[in-house]
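Presented as structure tokens, the chain that follows is alone, the form predicted on its own.
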């Protein structure tokens, strides 16, 4: 079965930062607002959105105009002086009555343009949004779930847990930079939440979760399980390989999403 669902309506949307909130030492939430968001097609769970924001020195936010995947060709043809940054982020929450949308960022100083933008964002800063789909597509016959994320996918996993059915059972593993990033999670009673704080600035994100799962997690006997793994590429591909080859989980029951790759910057 396909491991992705797309929204029915997709067009470029303009908005502006309305407020920011420090969620924990390593995370900040930006709320953006604007009348264009009345056309946002919410899908919930781990729905992603392309986020466009200005580069340093740009006074205006220039954006592609295509209402389909042709936006990328337009984007690449833009002059470097006007081309904005674009990154893929999870929609943390959407409030249609206020035309407001929340996006949660991981902060790592000025090491990346999105982190720098999030840490300095002020009300009124313009942004652009292009809705994408969801990768969380559970196997209908699964009896339990295994959900795994490093910090880049923590907002997506938290969103999944908040919207999960009350009878969901399984385990959720969330790797975060420090113990101070652990927070309350409104998960279903049948889901055990495991926080994995690294507390090691030199460690590669996702490796702690990969090591923990490959060394201690065992497939429940006589159960069909759906697995969702997201974050750094090594975590997503490494855990999928282990689940399929060592645990015997069918490939069709594993959704794996490499949000980023260590040592490689995102294009755009």
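Residue numbers count along the first chain shown, from 1. None of these values were measured; they are calculated from a predicted model.
The form predicted together with a small molecule exists for this protein as well; it is not shown, and the discussion that follows is about that form.
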| property | result |
| --- | --- |
| Distance check, residue 152 to the small molecule in the model of the complex, heavy atom within 4.5 Å | yes |
| Partner contact for residue 259 in the model of the complex: the small molecule, 4.5 angstroms, heavy atom | yes |
| Contact of residue 197 with the small molecule in the model of the complex (heavy atom, 4.5 Å) | no |
| Any non-hydrogen atom of residue 48 within 4.5 angstroms of the small molecule in the model of the complex | yes |
| Contact segment among 102 to 110, 123 to 131, 141 to 149, 71 to 79, judged by heavy atoms lying within 4.5 Å of the small molecule in the model of the complex | 102 to 110 |
| Proximity to the small molecule in the model of the complex, single hit among 164, 158, 114, 174 (heavy atom within 4.5 Å) | 114 |
